[in-house]
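Just one chain is shown here, as structure tokens, and it is the form predicted on its own.
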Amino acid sequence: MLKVQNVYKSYPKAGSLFKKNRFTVLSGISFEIKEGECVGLIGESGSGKSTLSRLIMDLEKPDEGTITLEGESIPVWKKKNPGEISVVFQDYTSSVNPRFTVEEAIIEPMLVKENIAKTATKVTQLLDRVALPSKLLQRYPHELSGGQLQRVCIARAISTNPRFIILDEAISSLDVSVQAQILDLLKELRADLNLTYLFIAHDLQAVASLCDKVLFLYKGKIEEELLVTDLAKTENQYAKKLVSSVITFD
């Protein structure tokens, strides 16, 4: 479904007067995600994870390289398949307009594909799908807990019947017990709706729980690519350091 080929991305250095004075965030990134697969992208803060998600969403352009969905450029694919790529961000408080009710927040992306008359019943169904009661429909973001608001963001992300969802640090701001609940929800949705995920995180345990394959991103480069079942076999020092926090090596 997704193919990233030799992607580079850099930005001008702060305070520099010269256009050529830049720092590189991503350097030669290449990987693929098959339909129905969940791929985890793990790395430290500043490794380039969120930059990569913005490039895949076509919010920014790479300096070099290509990113395609089903063989087509992102803008062309999105135009042909409206609503079929979604994203859930880390900061659920800024992801939802504070002036919108829960109902309005979920309806907003649905209007890309449907008229307002068709959305009312579906919104209630979406809340039920993410295990939230319909009594929350007229509440505002500040009246919800973090876990509830992130479930609203997930309901919104699946409201357009997407095939591919980017989860950009979608659980990292939540309490550990709530993280487990959201991971279970994401597993259930993936199975029921045949979703494809790119799960971006810095917690290997969460990635291993949800994903089929893991990409280790370090200083803008993919250091290792492994099936979750092969994590203990890594020989890469950076990957081994992260894996050792979850698996004890002899």
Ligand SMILES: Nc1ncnc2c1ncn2[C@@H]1O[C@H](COP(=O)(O)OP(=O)(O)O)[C@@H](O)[C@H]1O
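Position 1 is the first residue in the sequence shown; the rest follow in order. Note that the structure is predicted; figures quoted are calculated from it, not measured.
One more form of this protein exists, namely the form predicted in complex with the named molecule; it is left out here, but the text below deals with it.
None of 204 to 212, 184 to 192, 39 to 47, 61 to 69 except one has non-hydrogen atoms within 4.5 angstroms of the named molecule in the predicted bound form; the exception is 39 to 47. Residue 242 falls outside the set of residues with a heavy atom inside 4.5 Å of the named molecule in the predicted bound form. The named molecule is not shown here, but in the predicted bound form it comes within 4.5 Å of a heavy atom of residue 51. Residues are counted as partner-facing when one of their heavy atoms sits within 4.5 Å of the named molecule in the predicted bound form; in 61 to 94 not one qualifies.
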